[in-house]
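Below you will find one chain, with nothing else, as structure tokens; this is the form predicted on its own, and questions on how it binds or moves follow later.
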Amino acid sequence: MQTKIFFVATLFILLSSRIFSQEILQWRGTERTGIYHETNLLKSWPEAGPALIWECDSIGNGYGSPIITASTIYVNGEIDTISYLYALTRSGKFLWKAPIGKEWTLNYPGTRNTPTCVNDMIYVTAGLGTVACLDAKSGKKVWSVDMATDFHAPMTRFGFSESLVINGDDVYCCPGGADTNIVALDRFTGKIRWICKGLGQMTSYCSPALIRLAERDILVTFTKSAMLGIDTRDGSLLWSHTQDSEGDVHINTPLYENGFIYYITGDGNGSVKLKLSADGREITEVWRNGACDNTMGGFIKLNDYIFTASYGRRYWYTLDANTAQIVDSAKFDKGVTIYADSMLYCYNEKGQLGLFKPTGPKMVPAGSFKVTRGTKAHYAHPVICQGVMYVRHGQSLMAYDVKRR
């Protein structure tokens, strides 16, 4: 009997490790869509919210989310102006921290990106421009570049905030220099693969999307006043989509689905749908809705509907993805939206975390609670992994049990 139990346990560990090893763990889930492929989660919360499993209250200042591997949690935090990568056990115990570079300490001081993990390598940025690759087991730095000195990047208003994208052997970063706008690096050595001049505009805090087509892969990101589509083979600029606003904050990751690109920004055109040609060389605007804006909380597209918070009016909106019309709203203040197991998780800037059931265009409340632990602004995007919801609030990372028993 003990042999059988040991065999089953060993098989489970091997399968779990295999599942994690096949994925790129990154910002807003494996596809950067905010959708977490979980099952058997709670469909309602008790009045006090789901049970708190543990809290680690010493991960430094920051607003970035964690990533979770089969054995380890990684999250960035700032201590005494330095950005660190923290490694924790799955039970929240400190393992180690490794310095990355100088962090942003002016307005909203603290780290502002989510690490990206591929097998045994972690890719991170720091607020003053360091891009680094670290060994996932030890935290030892494999290589690093400085976007300010190596690529003469202009300093932004809120620090470099990009969560890096991996594509095969490449990692992309956006210095925003006039001649070094977007740069592809060899992810094993940090050597330059290509440079795209883009439109020569400053970066705008966007964590890019990667579109895979039959003919090419396309990197989609924002610079100061435009969204860019870049051919990942050679860095050539395929197209751009200009923002009407003079604002430079375009944080939300665009979404590609079934031939269309969707994006939402609170400092530009609002909500926009674009038709992408089959070869990826051209875009055509289908619609835009300037009233449905969101600065940094992301959005979720489910079938014919898009769910997002409005920055200007502090409501959650449901947008018809076919007509651009706002078809429903929920009063819950502005904030972050993610999705798992048929439920929306909404985390607003007042610290309330709400669970909603999307029924067609409607968001039906299923419970909420106030995040009282942690420090400073409630900006970090929650993460769900294997029945646990991870919420970062400043120096604290909390783990909540959202598994249905």
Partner chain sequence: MQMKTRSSLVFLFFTLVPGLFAQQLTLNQILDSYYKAGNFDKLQKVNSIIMTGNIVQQDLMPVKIVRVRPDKYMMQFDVADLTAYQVYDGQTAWMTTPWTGKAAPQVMPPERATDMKNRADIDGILFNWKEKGHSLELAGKDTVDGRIAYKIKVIRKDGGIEYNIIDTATFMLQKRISFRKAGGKEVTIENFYRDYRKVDGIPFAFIVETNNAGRINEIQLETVELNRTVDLKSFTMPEKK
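The model shown is predicted, which means the values in this text are computed figures rather than measured ones. Numbering follows the first chain given and starts at 1.
Omitted here: the form predicted together with the partner chain. The next part is about that form.
Trainee: Consider the chain as shown here, without its partner, and state which of 37, 362, 43, 370 has a heavy atom within 4.5 Å of the partner chain in the model of the complex.
Mentor: Checking each option against the partner chain in the model of the complex, the one that comes within 4.5 Å is 370.
Trainee: From the list 108, 305, 315, 287, which entry has a heavy atom within 4.5 Å of the partner chain in the model of the complex?
Mentor: Partner contact (heavy atom, 4.5 Å) among the options: 108.
Trainee: Counting only heavy atoms and a 4.5 Å cutoff, which of 376-384, 335-343, 48-56, 65-73 contacts the partner chain in the model of the complex?
Mentor: One stretch meets the cut-off, namely 376-384.
Trainee: With the partner left out of view, is residue 31 within 4.5 angstroms of the partner chain in the model of the complex by any non-hydrogen atom?
Mentor: Residue-level check for residue 31: no, no contact with the partner chain.
Trainee: Check whether residue 172 has any heavy atom within 4.5 Å of a heavy atom of the partner chain in the model of the complex, and answer yes or no.
Mentor: No, residue 172 is distant from the partner.
Trainee: Would you classify residue 256 as touching the partner chain in the model of the complex, given a 4.5 Å non-hydrogen atom cut-off?
Mentor: Taking the distances in the model of the complex, the answer for residue 256 is no, it never comes within 4.5 Å of the partner chain.
Trainee: State yes or no: in the model of the complex, is some non-hydrogen atom of residue 86 no more than 4.5 angstroms from a non-hydrogen atom of the partner chain?
Mentor: Contact with the partner chain, no.
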